[in-house]
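Below you'll find only one chain, the form predicted on its own, shown as structure tokens.
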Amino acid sequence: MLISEFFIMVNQPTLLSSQLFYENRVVEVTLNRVMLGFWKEIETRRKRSASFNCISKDADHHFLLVSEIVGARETEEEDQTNKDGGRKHKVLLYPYAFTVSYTERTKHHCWRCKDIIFHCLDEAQRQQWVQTINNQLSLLSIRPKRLLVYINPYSGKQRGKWIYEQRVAPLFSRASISTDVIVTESANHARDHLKTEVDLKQCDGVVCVGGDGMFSEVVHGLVSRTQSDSRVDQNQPNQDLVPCALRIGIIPAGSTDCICYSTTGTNDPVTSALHIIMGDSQPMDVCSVHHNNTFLRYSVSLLGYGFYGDVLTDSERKRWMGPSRYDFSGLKTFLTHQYYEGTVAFLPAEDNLGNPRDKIKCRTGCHICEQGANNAHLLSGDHVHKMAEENSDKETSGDGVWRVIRGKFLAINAASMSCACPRSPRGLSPYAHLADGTTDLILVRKASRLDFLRHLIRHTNKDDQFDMSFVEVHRVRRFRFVPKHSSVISEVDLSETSGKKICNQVCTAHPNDDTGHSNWNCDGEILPHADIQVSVHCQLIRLFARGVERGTTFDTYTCSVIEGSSLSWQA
């Protein structure tokens, strides 16, 4: 925020101004449409005869952005006592209290809800302040007023219901958000309910309390419902999908909560709840996965073939082990060290969208995502399809030409976001972007077990996991994989993307080297086919989030309580 913008906020027309009692001094509080603030000390000398003490100090100026306020409410504070020099004094001159709740940023991208308590001379003054503040909040159209909440009681450590009731619901209540809460009873309950039973016009957003699987359910239900209402055929691989109007909120209560971590920088339920209350809006790409002309699933985080597909396949047989099954299956899959042979064809993204190794992280207000959205309307499904047909005889990138790579792979991964989590703070692709209309395609070729271990370890530290001879990564808009044992198809068929193929030929060399085929891990679900086609749909959904915020900047101002006494503004 520029200094000129700051003074513009200060010079907004005043809505309300009063002398109120705050902690142990009288202050002048002013409210306009942008900020609650500039309260300054009125008394400048110590008064020993009053029922409160006013500490002498220079006049201070502080403020809270209205957009960062959660809500205001009346508080019964007649019996509240203030400490002063070991003695306690009842607040007698200003007995009518009200509380302003606001957001405060803490370490590691976490937000907290803090309170400021003011005292008024009479009940009318208190009601006027509470009503005026809440009226200003109600004018913030981006904020939700009514939410549909799905709770998965079995996700993670089965604490979803407790997390919502004890940590999230009270915050929604402070913000005057009404909720319709549904505790899911079976797998895909939320998906099916969204697809068929919900009147989407009666709510401002959908919130899921659970892990990544619960979020995937909500995405499938909401996206499928939107396409159905818009008469869009999801089975057509090149069909442009209609973006969802409702935003989705995530209250993390799962085992890893990769999606929440990648979009807010933390897996903290309170932080996520405050993002929802503030009405934040973070667009997100969604990948559609097809087999021939049949829609399979949507993916928002990871598509993994080979290593990650085998880990999921094995872990599904060991669900009785709980979350530890992933560690066990991961070790077992690593020791097995299987590789798979096949052909990958992909359509690279433009150079102006960066590359997976450019060290440009996706952050709040990301310019790469903004550029991707601007380009999206120029690259509709039909346009990309024509480009593939016109250049079917080329195998090099440059101007929208499909590239074809054949080989033996330990893993093939497509990361539509960083896929970061507490165990892997940088993620599978640290510089992937949430909303640029691309996915980062990571190809891990056959290598020694030791080299592959080095690659996996680099996911947990700051070393570049792509800086290895057997690893390559590409930023793509579409891709297709054909395993070795699929039927051989012609070059003409391989160049087409709708009901036709886009690869030049299936690799058939060295038949004795192949170990069969793996399964695709699609956001924690196993796909029934290995031969798939993937298309990225730019900004198909929006989250109640603002992305991972940058470090200390002047982009956003908040108000925080310093040592419990004075207020100051900070970035």
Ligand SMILES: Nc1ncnc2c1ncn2[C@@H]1O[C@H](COP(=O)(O)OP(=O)(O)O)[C@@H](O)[C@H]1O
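Quantities reported herein were computed from a predicted structural model and do not represent experimental measurements. Note that residue numbering follows the sequence shown and begins at 1.
Absent from the display: the form predicted in complex with the named molecule. The rest refers to it.
Enquirer: Looking at Gly354, Gly254, Pro237, Gly249, which has any heavy atom no more than 4.5 Å from the named molecule in the model of the complex?
Expert: It is Gly254.
Enquirer: Which of these residues, Arg231, Lys462, Lys107, Arg319, gets a heavy atom within 4.5 Å of the named molecule in the model of the complex?
Expert: None of the others qualify; the residue that does is Arg319.
Enquirer: Within 4.5 angstroms, counting heavy atoms, which one of the listed stretches 193 to 201, 147 to 155, 272 to 280, 238 to 246 is next to the named molecule in the model of the complex?
Expert: Result for this chain: 147 to 155.
Enquirer: Although the partner isn't part of this model, could you tell me whether Cys260 comes within 4.5 Å of the named molecule in the model of the complex, counting any heavy atom of the residue?
Expert: It does not: once the named molecule is placed as it appears in the model of the complex, Cys260 has no heavy atom within 4.5 Å of it.
Enquirer: Report whether the minimum heavy atom distance between Ser186 and the named molecule in the model of the complex is within 4.5 Å.
Expert: Yes, Ser186 lies within 4.5 Å of the named molecule in the model of the complex.
Enquirer: Wondering, does Gly210 line up within 4.5 Å of the named molecule in the model of the complex on heavy atoms?
Expert: Yes, Gly210 sits close enough to the named molecule in the model of the complex that at least one of its heavy atoms falls within 4.5 Å.
Enquirer: Residue-level question: is Glu68 within 4.5 Å of the named molecule in the model of the complex, judged on heavy atoms?
Expert: Glu68: no contact with the named molecule in the model of the complex.
Enquirer: What residues in 217 to 243 sit within 4.5 Å of the named molecule in the model of the complex, counting heavy atoms only?
Expert: The one in contact is Glu217.
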